[in-house]
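Only one chain is included here, represented as structure tokens and corresponding to the form predicted on its own.
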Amino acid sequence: MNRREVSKQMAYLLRHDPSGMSMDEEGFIDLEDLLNKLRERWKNLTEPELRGIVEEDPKGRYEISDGRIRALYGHSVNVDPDLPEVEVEVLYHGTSPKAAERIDREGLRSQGRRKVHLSARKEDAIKVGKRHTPEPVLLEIEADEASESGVTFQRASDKVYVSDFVPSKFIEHIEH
């Protein structure tokens, strides 16, 4: 069993295609249902192995609670995970030059996901941006100022924060 492949499949099922499993409005499904779905591909996958993948996930993508599991962020399915609202001073977003131009005009909107993903650290934002382009643009979000004007930020994990929308007036390009 390749743990990375299992994690990728978990992310896909929990974020985008929970077909055959019952998902509640916060994105939780029964842990046993997910395990059975994953066993269609990895016959010998055990619950302790699945829990280990969740616990060791470097991005903190998953949560297990009361025999249920969910992805904390990255959904394209219609769910609204109840995440804690936080007050932070600055957040970051890595993106392509073309997308940065659009963000300058329209603000930061989710693209095919339910929420905008932001990073607490510049390095993490750059790494995310490099998934889209070899030379990402690093954007700094003045989260404290945005919050004062009514923009809310939620903490999805130690590394990932989410918001519904960030107006361009709170975003600036910075060197990295």
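Don't overthink the numbering: it's just position in the shown sequence, from 1. Because the structure is a prediction, the values reported are computed rather than measured.
Beyond what is shown, the protein has a form predicted together with a small molecule; the following relates to that form.
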Interface residue in the model of the complex among 51, 37, 68, 132, criterion: non-hydrogen atom within 4.5 angstroms of the small molecule: 132
Non-hydrogen atom contact residue 128 with the small molecule in the model of the complex at 4.5 angstroms: yes
Exercise: residue 59 in contact with the small molecule in the model of the complex, heavy atom 4.5 Å: yes
Partner proximity in the model of the complex: residue 122 to the small molecule, non-hydrogen atom cutoff 4.5 Å: no
Close approach of residue 103 to the small molecule in the model of the complex, 4.5 Å, heavy atom: yes
Which of 42-50, 141-149, 25-33, 59-67 sits within 4.5 Å of the small molecule in the model of the complex, heavy atom basis: 59-67
